[in-house]
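Quick heads-up: it's one chain on its own, the form predicted on its own, in C-alpha cells.
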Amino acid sequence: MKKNLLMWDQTLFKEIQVFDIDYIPEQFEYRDEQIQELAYAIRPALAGGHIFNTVCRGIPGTGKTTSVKKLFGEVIEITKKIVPIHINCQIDSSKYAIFSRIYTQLTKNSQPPTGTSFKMLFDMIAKYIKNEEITPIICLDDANYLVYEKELNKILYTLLRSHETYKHVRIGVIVIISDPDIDLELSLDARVASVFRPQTIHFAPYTAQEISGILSQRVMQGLYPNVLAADLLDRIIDRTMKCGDIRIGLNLIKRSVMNAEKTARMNVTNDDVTQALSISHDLRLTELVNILSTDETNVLFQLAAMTTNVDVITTKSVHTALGEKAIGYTRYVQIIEKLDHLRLVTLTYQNVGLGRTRIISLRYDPKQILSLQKPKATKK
C-alpha cells in the first residue's frame, strides 16, 4: 500500500455540507446590519400588526437568501403566530405555482387537487390563515424571474390586497432581487406600488477581506487540517473576488477537494484547483440554462447554432430559423428580452435602409451553450 493515500473508507471532508450553497451557518458573518433591518421590518407582526414590506437587493452570492433564512429560523423558534415561507422563484415562477407552494408550506398538505381553480386555491389559503390566526411572511427569492415573466404585479397584488376580501388576513412580503438592472419602481403597477411601499435593504458585494474570512472559516469547519494549503486557498479567494459571488468560492473548494479524493491523495494540489476553476467557469451558464423552459432553450440553442456560421444575426432571422419549434412572435419577443435580462444575450439596434433592425448576439461561447443540449431519447 502506497503511503499518503486515502483508504477506501476515508474522506478529506469533516462536514461536506458546509460547502453547499443552501447551507445556513451558525455563525453568519458580515451581514449583521442587514439581518437587524429585516428583524425590524417583521417586528410589528409579533404584536399583531403589519410587517414592513421589504426588498433585498444585491448581486448573486452576497448573502441575501442566507440572511432571510437565518432570520426565518429565529422566528420559527420564538413564535408560531408568524409563519415564514421561502419561495425560490427560479423554480416557481408563475402565479399558480407560487400560491400552490404557499398552500403546501402553510397547511403541510400535498399539492392542491388537480383542477383546483386559483380562486378556490386562494380561498383555502385565506381560510387556513384566518382559522389558525397566523401571519404568513412570504419571501419571493430571485423575484427578478417574476419580472422577466411579467408575473410579479399579479402575485404582489393578490398577496397585499388579500385583506380587502378576507378580513383578518394579513400577509407580509419580502422580495429578493438579484438583477441590478431591474428598476423595481418602473416594474410595478400603480395599484401595487400604492400598497407595497417597501423599505430597501442593500447587500453590497463582499470585500476581499470578507471573502477570505468566510472561505477560511468554512475550510476550518468543513475540511481536515492540511487538506487545502494557504496558497491554494488564496488562489480560490482571488477568483471568487473577481466574480463577486461567494457561492463560486464554496464550489471551487468542494470540487478541488473532490478532485484530490478521486485520486486518493491526502491534500489538494495546484492541478486540482486548476481543474475546478475550468469547471466553475461554466457553472453560471449551466445554472441559467437549467431554469429555462423548452421554448426558451429552443431559442437559445438556435441562436448558438447560427452564431457558428453567421456574424450578424437579427432577432427576426432567429425566429424564422426556429421552423417547427417557432412560437408566436409576441411570446418570442418576451423570450429574447428575458435572455437579455439573464445576460445570456445582448440586444442592440442597427440602422438598415430607412428602418432599424434588432441585432442579437451571445454573451457566451456558442459551443459551450450547444454542449448543454440534452440528447433526444432514442426510440426502442
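Only a predicted model underlies this, so the values are computations on that prediction, with no experimental measurement involved. We number the residues from 1 along the sequence you see.
Quick note: we don't show the form predicted in complex with a small molecule, though the next part is all about it.
Undergrad: Counting only non-hydrogen atoms and a 4.5 angstroms cut-off, does T62 reach the small molecule in the predicted bound form?
TA: It does: once the small molecule is placed as it appears in the predicted bound form, T62 has a heavy atom within 4.5 Å of it.
Undergrad: I'd like to know if F99 sits close to the small molecule in the predicted bound form, meaning any non-hydrogen atom pair within 4.5 angstroms.
TA: No, no contact at 4.5 Å.
Undergrad: So in the predicted bound form, is the small molecule close enough to I214 to count as touching (4.5 Å, heavy atoms)?
TA: Yes - in the predicted bound form, heavy atoms of I214 and the small molecule come within 4.5 Å of each other.
Undergrad: Mark E29 yes when one of its heavy atoms lies within 4.5 Å of a heavy atom of the small molecule in the predicted bound form, and no otherwise.
TA: So E29 counts as contacting the small molecule.
Undergrad: Which of S317, Q334, T66, N53 has a heavy atom within 4.5 Å of the small molecule in the predicted bound form?
TA: Filtering the options by heavy-atom distance leaves T66.
Undergrad: Have a look at L223, L71, L152, L250 for me and say which one sits with a heavy atom within 4.5 Å of the small molecule in the predicted bound form.
TA: Checked against the cut-off, the match is L250.
Undergrad: Among 307-315, 334-342, 54-62, 38-46, which stretch sits within 4.5 Å of the small molecule in the predicted bound form, heavy atoms only?
TA: That would be 54-62.
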